[in-house]
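Take a look at this one chain, the form predicted alone, written out in structure tokens.
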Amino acid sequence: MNMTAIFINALAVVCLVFALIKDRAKTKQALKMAVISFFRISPTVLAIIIIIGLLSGFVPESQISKIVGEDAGFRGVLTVALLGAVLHIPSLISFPLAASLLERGASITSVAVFITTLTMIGMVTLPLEIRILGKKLALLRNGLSFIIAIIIGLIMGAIL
């Protein structure tokens, strides 16, 4: 365990003790909600771990680099942008997947675009968004977000 993880866990324990001292009932209620959230998100986490394992085991680094690496160019960026737009996973869980892609040859631009489109685009939630915001606004928001996500990824790739 690295120092950052130790620090974050120690801080969480200190905050938990402080919360217990301040209001035991609310802290217990918060812990119950956290446990429920943990079990709700567990299948997604497990699926991502399986995907990362399969990705690591069956897809060679050269193939990942070819599809979403530096050599893939804008086609690779567009591929991960579409993938990020279609997938509906919590962004917090996408970070290990993105790190795995980065370690296996994906470019920083592609990984940044993947995370950005994942958080900004909602293809799965688009019908709900259309119902609430209207078709024109929902499509405009998602379309502009798609373009902006790619621009953000390109800037991240240029900076890093």
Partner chain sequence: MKKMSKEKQKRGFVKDILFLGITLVIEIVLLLIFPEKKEPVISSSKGFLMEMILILPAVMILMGLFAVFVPNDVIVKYLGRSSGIKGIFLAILMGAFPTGPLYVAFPIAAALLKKGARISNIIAFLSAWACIKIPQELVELQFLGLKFMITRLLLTVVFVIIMGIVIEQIILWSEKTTKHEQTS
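Whichever C-alpha set is largest while still superposing within 1.5 Å between the two forms counts as the rigid core. Numbering follows the first chain given and starts at 1. Bear in mind that the values here come from a model prediction, so they are computed numbers and not experimental data.
One more form of this protein exists, namely the form predicted in complex with its partner chain; it is left out here, but the text below deals with it.
Not displayed here, its partner chain is kept clear of Ser62 by more than 4.5 Å at the level of heavy atoms in the model of the complex. For the chain shown alone, Ile67 is not a contact residue for its partner chain in the model of the complex, no non-hydrogen atom being within 4.5 angstroms. By the criterion of a heavy atom within 4.5 Å, Ala106 is excluded from the residues contacting its partner chain in the model of the complex. Of the residues in 94-119, those that come within 4.5 Å of its partner chain in the model of the complex through at least one heavy atom are, in sequence order, Phe95, Pro96, Ala98, Ala99, Ser100, Leu102, Glu103, Ile108, Val111, Ala112, Ile115, Thr116, Thr119.
In the core-superposed comparison between the shown form and the other one, the C-alpha atom of Leu31 has shifted by at least 2 angstroms.
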